[in-house]
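Here's a solo chain for you in structure tokens, the form predicted alone.
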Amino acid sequence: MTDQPILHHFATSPFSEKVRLMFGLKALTWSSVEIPNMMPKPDYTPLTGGYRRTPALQIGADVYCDTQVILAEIEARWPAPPAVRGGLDWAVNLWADRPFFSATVPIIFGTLGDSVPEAFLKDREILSGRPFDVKAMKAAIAPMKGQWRSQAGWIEDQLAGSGGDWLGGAAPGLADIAAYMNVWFLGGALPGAVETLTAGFTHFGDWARRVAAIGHGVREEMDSKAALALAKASQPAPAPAHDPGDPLGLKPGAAVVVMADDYGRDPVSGVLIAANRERVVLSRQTPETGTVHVHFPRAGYIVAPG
């Protein structure tokens, strides 16, 4: 079915875990396309226009890049049970993606860096635009552990005050899924590290186990070539409303370039279909995909004339 969500991901991607848990929360059946964890990604970048970060969500001929817009699209298409309770959920999501993730990465790779394949390190240098300095990460382990525990403490404090088993109260939501991402990433890479860094916390461990138990819904495997063929055989969904008051003065039909503002800043060019305060949508055409609409969030991304 062309409206079944297709996740382009790999098993150890922490950002992909957020989406997999969202599928579980919504009890969705979804298609899994496994992509390489480093470049090249020959059946992935034709869909995304050159965006190389993981994951991307495909629904027919629409491609959603960055978990911010992926999770918003899942919520819009499958609203029950509700996962988003308001703007604070999106603030938690951005915090998890940036400050909390920035504390997690040095702990993991400072500890494991000497055993990571050189090809992976080189790939991540290209992705980040700076040296992947394992020595510096080793030196950062101790201070980052302090920062990690401090930020995990916010989760503990919210659970203590929420009056329920979840960050928002009685039911799980986006804030739980987003906050759990770095717990999953650190715990999977360094068994026992989360328990050590949350020693003395009385709510955190049970909460983490509840989030993990949400599961991933019903997963069906899909070949990457089949995903490309499906895009080519499909038509993009109707575009979201364009904001005529866009502060950049963006107009549908204009050539634009979109890129992340932190890392993985590969520019994606296309024809603007719509832009509003939540997202920007480009139309692109390739021999492999036909016409696709590629969606990016506005927060954390740069849009410029192209």
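From 1 onward, residues are counted along the sequence shown. Given the structure is predicted, the values throughout are model-derived calculations rather than measurements.
What comes next is about the form predicted together with a small molecule, which does not appear here.
Lys41 is the sole member of Lys26, Arg279, His242, Lys41 with a non-hydrogen atom within 4.5 Å of the small molecule in the model of the complex. Only one of Arg124, Lys145, His203, His216 comes within 4.5 Å of the small molecule in the model of the complex through a heavy atom, and that residue is Arg124.
Remark: all three candidate residues (Ser13, Thr54 and Tyr263) come within 4.5 Å of the small molecule in the model of the complex, counting heavy atoms only. Contact with the small molecule in the model of the complex, judged as any non-hydrogen atom within 4.5 angstroms, is confined among 26-34, 245-253, 268-276, 63-71 to 63-71. When the small molecule is considered in the model of the complex, Glu156 lies well away from it, no heavy atom lying within 4.5 Å. Remark: Asp97 counts among the residues lining the small molecule in the model of the complex, judged by a heavy atom distance of 4.5 Å or less.
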